[in-house]
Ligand SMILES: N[C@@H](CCC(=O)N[C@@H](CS)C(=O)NCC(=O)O)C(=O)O
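A single chain, nothing else alongside it, follows as structure tokens in the form predicted on its own.
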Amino acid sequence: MITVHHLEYSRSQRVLWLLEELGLSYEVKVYKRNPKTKMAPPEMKAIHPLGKSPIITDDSLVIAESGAIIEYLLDRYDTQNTLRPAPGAMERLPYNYWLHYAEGSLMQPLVVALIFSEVQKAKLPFFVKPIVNGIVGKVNAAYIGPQVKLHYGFMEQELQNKPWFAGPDFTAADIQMSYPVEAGLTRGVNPSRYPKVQDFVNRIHQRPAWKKAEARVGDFGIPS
């Protein structure tokens, strides 16, 4: 039996969604974030040494990392390649690209943005606050802002002539892309500048499997 160790408001929502798309039976164990640190609780380290979401167990196997989990589930349970192009197909390369781009490229500036946002919101002595704000402002101007603009512009262009990231068909790459795409929109990216990206988000929210997965654990949400 597959068990998803689901941390609230985390990347593991993609695993739940994938399992619903595949029509597989699974169990869910929900973990709450620490209200102060927003981090995963220590109980998750009993499942995997890093204690980070997502984690699944499948009988005696323990698998972490979104991409690794997706590939494992597809290799074992999607033998007809309903959610990815067949090996050797021309579409397999763009599928692999977007599957890895999500965490390898897109998520990086978004994580940096989140970290600096938390730094800016931290309680600091009044005489330190202007210095911190100045540093954050420079990092935003020099790195975070330009990188986010670059990536969202790239995605907007890629979606101009195709409905899904890897091509005409919905794939697991779209599931992998969903979290970082929404993270940026949640954290200040103006959706009106990227209508194709926003349309992608609107359409995935209408998929029956998305709705089933969200109903299973409550509002997915993304930390802002």
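Throughout, we count residues from 1 along the sequence that is shown. Because the structure is a prediction, the values reported are computed rather than measured.
Keep in mind the form predicted together with the ligand is missing from the figure; the text below concerns it.
Colleague: Just one stretch in 197-205, 5-13, 19-27, 210-218 has heavy atoms within 4.5 Å of the ligand in the predicted bound form, so which one is it?
Modeller: Contact criterion met by 5-13 only.
Colleague: Indicate whether the candidate residues E71, A86 and G167 are all in contact with the ligand in the predicted bound form, with contact defined as any heavy atom within 4.5 Å.
Modeller: Zero of three within 4.5 Å in the predicted bound form.
Colleague: Quick one: is P180 in contact with the ligand in the predicted bound form, heavy atoms, 4.5 Å cut-off?
Modeller: No, P180 is distant from the partner.
Colleague: Report yes if any heavy atom of G184 sits within 4.5 Å of a heavy atom of the ligand in the predicted bound form; otherwise report no.
Modeller: Residue-level check for G184: no, no contact with the ligand.
Colleague: Would you please decide whether H48 lies within 4.5 angstroms of the ligand in the predicted bound form, comparing each non-hydrogen atom pair?
Modeller: No - in the predicted bound form, heavy atoms of H48 and the ligand never come within 4.5 Å of each other.
Colleague: In the predicted bound form, does E158 come within 4.5 Å of the ligand, counting heavy atoms only?
Modeller: Heavy-atom contact with the ligand at 4.5 Å: absent for E158.
Colleague: So which of V189, I175, I56, A40 reaches within 4.5 angstroms of the ligand in the predicted bound form, heavy atom to heavy atom?
Modeller: After the contact test, the surviving option is A40.
Colleague: Going through 66-82, which residues have a heavy atom within 4.5 Å of the ligand in the predicted bound form? Please give them in sequence order.
Modeller: Residue within 4.5 Å: S66, and no other.
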